[in-house]
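Okay, so here's just one chain, in structure tokens, the form predicted alone.
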């Protein structure tokens, strides 16, 4: 057994520090949110927080419209982005010729790096008037518009991660399926996608996570009306999300005021929602890996 060199020891230590630092940073962020947002529970009754009216000037701090606005925009974006993103990843990884893949893959990476402010500006100039005229509604600043643009922003993330997962599936899986008489589509649907399920799910969760945490785009195209969504018709009405509320109002509140603490409390709620989504995704991926290990063993 050869002795371990100093370089390996240093590299191992740096990797451990990088891994632990992620946990430390998340803990520090949550601690800061708790310190600034926890006073809300002593200053505002829970019944007031659970109301459906957000109007801090008159001491109305109901956050349900903000949570509802975030959820309806995020779910709408997921319904648009997930099928299209996975289908695009399948096309790039399994169907497209190599020359097309060499073009599409970098193009998707470029689309994923577009600034959200620029997309919001494009949304105001093009998407908002189109939605208003096509659906014949009073305004195009709606949850549907926000979901449409956020879905477009999430697609590059879903495509990039899912395509890498599909590309990592061994070629022997495909060859064995085709040798058994399966068609190329049956091979993709019943062999390749199930084998890459954990990676595809990771891409979906990353895309949804970007959608739920987006700020500038939704603040520009959703109308910023804190109205509680009550049905499918709310998708075509103005809404306000939690992130847009924090971005729009944090610069105008007095430090240490009730309004200030409530905004940080909204940040805690947003943090917990993101944490639940990520823990759920990690749990599903872990179960899929354990199931695959049992099948292979």
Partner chain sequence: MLSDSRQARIIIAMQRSLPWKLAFLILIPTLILYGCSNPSDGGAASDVPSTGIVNKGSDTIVNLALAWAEAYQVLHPDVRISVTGGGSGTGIAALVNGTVDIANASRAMKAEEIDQALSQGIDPVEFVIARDAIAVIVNPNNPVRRLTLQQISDIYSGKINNWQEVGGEDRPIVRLSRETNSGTHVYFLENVLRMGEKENRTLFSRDTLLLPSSEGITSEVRQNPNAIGYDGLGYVTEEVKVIAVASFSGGDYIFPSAESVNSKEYPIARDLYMYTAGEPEGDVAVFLEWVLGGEAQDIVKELGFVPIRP
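For clarity, every value in this text was computed on a predicted model and none was experimentally measured. Positions refer to the first chain, counted from 1.
There is another form of this protein, the form predicted together with its partner chain, and it is not shown here; the text below is about that form.
Novice: In the model of the complex, is there a heavy atom of its partner chain that lies within 4.5 Å of any heavy atom of residue 174, even though the partner is absent here?
Specialist: No.
Novice: Is residue 206 part of the interface with its partner chain in the model of the complex - any heavy atom within 4.5 Å?
Specialist: Taking the distances in the model of the complex, the answer for residue 206 is no, it never comes within 4.5 Å of its partner chain.
Novice: Is there a heavy atom of residue 117 no more than 4.5 Å from a heavy atom of its partner chain in the model of the complex?
Specialist: Output for residue 117 is yes: heavy atoms within 4.5 Å of its partner chain.
Novice: Within a 4.5 Å heavy atom cut-off, is residue 121 in contact with its partner chain in the model of the complex?
Specialist: Flag for residue 121 set to yes.
Novice: Okay, which stretch from 98-106, 68-76, 147-155, 134-142 lines its partner chain in the model of the complex, with non-hydrogen atoms inside 4.5 Å?
Specialist: This holds for exactly one stretch, 134-142.
Novice: Report the residue, out of 33, 258, 48, 247, that has at least one non-hydrogen atom within 4.5 angstroms of its partner chain in the model of the complex.
Specialist: If I apply the 4.5 Å criterion carefully, the residue I get is 247.
Novice: Counting non-hydrogen atoms within 4.5 angstroms of its partner chain in the model of the complex, say which of 166, 220, 92, 82 makes the cut.
Specialist: Only one listed residue qualifies here, and that residue is 220.
Novice: Which residues, if any, of 219-245 lie within 4.5 Å of its partner chain in the model of the complex when only heavy atoms count?
Specialist: Counting only heavy atoms within 4.5 Å of its partner chain in the model of the complex, the contacting residues of 219-245 are 219, 220, 223, 224, 225, 226, 227, 238, 240.
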